[in-house]
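Shown below, as structure tokens, is a lone chain in the form predicted alone; questions about how it binds or moves come after it.
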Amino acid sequence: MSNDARTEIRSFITTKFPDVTFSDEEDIFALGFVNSLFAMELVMFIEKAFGTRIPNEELHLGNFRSVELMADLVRRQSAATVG
């Protein structure tokens, strides 16, 4: 799931920012092309794409700084839903 999540999240970001290159581990906020409005788009995308709700305690910037961190969040929420 994690690799698929990374692929989908990366695709979503690169569709919005086609001229930017970054690795799955890079902080997309530190790179300067992502802002708080796009962070909300990321939350909505993740919830819709992966059929999950992100609880308030998980809605902090640390979970959205990189593709890898977002994929980890998806994995945790998927496990919580199943478990």
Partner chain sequence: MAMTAQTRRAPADLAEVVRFVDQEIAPHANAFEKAERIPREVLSRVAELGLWAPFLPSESGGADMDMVSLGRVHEEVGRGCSSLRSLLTVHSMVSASVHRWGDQAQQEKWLRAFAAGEKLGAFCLTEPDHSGSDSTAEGTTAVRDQDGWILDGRKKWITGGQVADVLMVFATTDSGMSTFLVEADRPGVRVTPLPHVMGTTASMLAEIEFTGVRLEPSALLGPPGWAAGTVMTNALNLGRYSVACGSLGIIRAALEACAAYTSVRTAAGVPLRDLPHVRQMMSGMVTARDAARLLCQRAGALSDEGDPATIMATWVAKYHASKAAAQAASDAVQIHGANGFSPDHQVARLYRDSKVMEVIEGSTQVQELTIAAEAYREVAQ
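Given the structure is predicted, the values throughout are model-derived calculations rather than measurements. Positions refer to the first chain, counted from 1.
Keep in mind the form predicted in complex with the partner chain is missing from the figure; the text below concerns it.
Q) Using 4.5 Å between non-hydrogen atoms, is Glu26 touching the partner chain in the predicted complex? A) Contact with the partner chain, no.
Q: Indicate whether Arg75 is a 4.5 Å heavy atom neighbour of the partner chain in the predicted complex.
A: No.
(Q) in the predicted complex, is there a heavy atom of the partner chain that lies within 4.5 Å of any heavy atom of Met44, even though the partner is absent here? (A) Yes - in the predicted complex, heavy atoms of Met44 and the partner chain come within 4.5 Å of each other.
Q. Using 4.5 Å between non-hydrogen atoms, is Phe22 touching the partner chain in the predicted complex?
A. No.
(Q) Can you confirm whether Arg10, Phe50 and Ala79, the three residues that make up this candidate site, all sit within 4.5 Å of the partner chain in the predicted complex, judged by heavy atoms? (A) Spot residues vs the partner chain: no contact at all.
Q.
Pick out the residues of 20 to 37 whose heavy atoms come within 4.5 Å of the partner chain in the predicted complex.
A. Phe29, Ser36, Leu37, in sequence order.
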